[in-house]
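The chain below stands alone and is given in structure tokens; this is the form predicted alone.
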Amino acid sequence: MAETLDYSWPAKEKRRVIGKPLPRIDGYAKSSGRAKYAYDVHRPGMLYGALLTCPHAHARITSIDTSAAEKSPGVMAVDLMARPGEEIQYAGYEIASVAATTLEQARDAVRKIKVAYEVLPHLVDERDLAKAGSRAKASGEQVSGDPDQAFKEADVVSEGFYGIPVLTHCCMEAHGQVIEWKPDRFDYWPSTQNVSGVGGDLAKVLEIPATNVHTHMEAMGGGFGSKFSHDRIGETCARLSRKAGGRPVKLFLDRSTELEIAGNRPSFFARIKLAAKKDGMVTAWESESWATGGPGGANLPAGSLPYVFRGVPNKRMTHTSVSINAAPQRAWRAPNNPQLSYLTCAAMEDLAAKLNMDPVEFFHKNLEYAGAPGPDVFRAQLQKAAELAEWKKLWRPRGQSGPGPVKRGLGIGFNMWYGLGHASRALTRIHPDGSVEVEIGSQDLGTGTRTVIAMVAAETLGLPVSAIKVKIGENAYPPSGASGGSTTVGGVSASTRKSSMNALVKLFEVVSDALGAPPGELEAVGGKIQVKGNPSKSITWQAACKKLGTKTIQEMGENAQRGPGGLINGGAGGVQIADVSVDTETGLVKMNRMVAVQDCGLIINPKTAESQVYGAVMLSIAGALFEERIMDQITGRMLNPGFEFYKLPGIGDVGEIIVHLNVEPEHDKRGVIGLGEPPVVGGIAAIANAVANAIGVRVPVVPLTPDKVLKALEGRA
């Protein structure tokens, strides 16, 4: 019978849980401080680790002396992470680690390690491509159509320079872990986005059986794509524990080192030239782009531009990857998409301004070139966003926002993403006492994954969410994919649905005789098992489970991508419109409002779905107005590795956020699609375009800080 199950979602009119705005089931534990993050783990006899990092952006180690550190009070272990002769490519690179009975003792010992360096030339600023020299590696020119002829025949040509700098991940819980390495057992408490996989990866490096590694993570404080790997600090933490006789060691990055080396989103700069007909139809695109995230640069295909509007018929594109002496890039919520959206939407809105054309009309026309989810979806979203932003009432042509020093402007940005659910397995247990457990080796990054799992199981079994115990955060549970690419909700919802349905069928088989109907004619509704459509022939959930005697039902379920029943899908898009005010005397930009319209398939929990969009919009505001990694060209060091000078917005900086999720039937029936990444993509473009609309000139490089706004107004940008 299990082979022919219908795994599709219940009809809308029968829904009890799915689609309701429920609070997170772990909300109280987190808000009250009861939830334990990896940083909160405290083991008996625990030691504390500290790192020595390289102070130079580019250097070769000539000697290392750890003898004084080894004799320092409280020190139980010292581990070398680099060797003499090794060439270091960025400041902050880990050289050695120490474990001691207190953190203060560990830090004192680190200062006693003597390292001699041969300092080498460095490059830490990629903005001027002409200065990159051999560090720049071009990927070659890509040409489609006949751009030269299209530019000759164009009615209007627009050219501009646009840039977006490197920014860091800013995880509130720094990268790190606690490790306890006993002879017969390896316990690992990391802050990770990959509970099922990270322990096995670390085991390979340490050359121990993966089955020995027991990974535990109840909660984690932010990753944004930077916490898939065990990292070099995971390896050194393990070695410290082993050298200290198996005593647990806690090693986390300090805040300065966290911002310096724990992950960043690459920069992206481009010179862009566009051609169009008088009616606003874009006919040609030409771009020369370059980017970096550290050693190795950011080697994106030149064809990544133009973003969303891929169908422009005549294109010429080149891209150059610049390798600099700064810590390497890592995936950052919708990797590279915010940069591509900004470059594309800024260049296109500049063209609309040169055409003296309303950007809504301009983008609506050119959405003919849009890829998935398609022109019709984007056009409907653009129309809805314009309505919610009061575009017709508030928009004025560029630079015509009225008298007075404070100017108001509106701007548009687009996003697209994939979000197909990852591989996932789940185990559902139904116990004789009526309790239900769902086990998945997944993780909750704070997005509400636990709540989604509980809601899907409750929907399937006809029970309240409170009746479901969700067990995640252990690699002993059935494996589930890492939380990246907005794939988690799709993966865990499908595996939970299938395992819960499989377990329910087993319960139907147990109670079918008592209800005088075959298992296939039973359903679970409102805490009862009943004959379909006949509440008079029913048995309570508790009574049904009592018939199990001493046995527990245990059934697995697995997500197969694009599996039966349309449970999951991929591909989403959205439109954002920013409403800003700019003080032309001070250069300050104020957010009035951000409208985000988003396609996301079937929404399991509107409350947590909207929360994802709120968070994404706030990240966009941060990137557009505040965030930037600032490197000192003389020393090669990051100048703002701390929240005093690496600026983030506060609650008073974000303005009003209006979220509209596409919940039309045609989107619902596509199944569950990941939502975390797409709404972070278009916001920077929307805000930058709104500022240009307000003040009449383009501020070419974000963040749009007061000094840059004033320079643009003075014609010095």
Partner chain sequence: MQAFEYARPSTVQEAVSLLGNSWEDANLLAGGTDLLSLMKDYIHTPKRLVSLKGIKELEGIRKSAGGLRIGALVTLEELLRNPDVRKEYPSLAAAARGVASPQMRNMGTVGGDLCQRPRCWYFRLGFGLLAKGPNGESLVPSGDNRYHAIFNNRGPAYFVSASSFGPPLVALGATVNLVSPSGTRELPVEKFFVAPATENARENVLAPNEILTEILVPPAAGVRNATYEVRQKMALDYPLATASVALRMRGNTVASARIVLGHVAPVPWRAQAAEKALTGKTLNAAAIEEAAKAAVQGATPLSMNGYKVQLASVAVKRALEEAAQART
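Since the model is a prediction, treat every value here as computed from it, not as a measurement. Numbering follows the first chain given and starts at 1.
Keep in mind that the form predicted together with the partner chain is missing from the display, and what follows is about it.
Comparing 447-455, 618-626, 488-496, 344-352 against the partner chain in the model of the complex, the single stretch with non-hydrogen atoms within 4.5 angstroms of it is 618-626.
Contact annotation: residue 648 falls within 4.5 Å of the partner chain in the model of the complex, judged by heavy atom distances.
Residue 33 falls outside the set of residues with a heavy atom inside 4.5 Å of the partner chain in the model of the complex. Although the partner is absent here, residue 44 lies well away from the partner chain in the model of the complex, with no heavy atom inside 4.5 Å. Interface membership of residue 644, defined by any non-hydrogen atom within 4.5 Å of the partner chain in the model of the complex, is confirmed. Of the candidates 408, 271, 247, 637, 637 is the one whose heavy atoms come within 4.5 Å of the partner chain in the model of the complex; the others do not. In summary, among the residues 528, 111, 429, 277, the only one with a non-hydrogen atom within 4.5 Å of the partner chain in the model of the complex is 111. Interface residues of 302-327, taken as those with a heavy atom within 4.5 Å of the partner chain in the model of the complex (partner not displayed), are absent.
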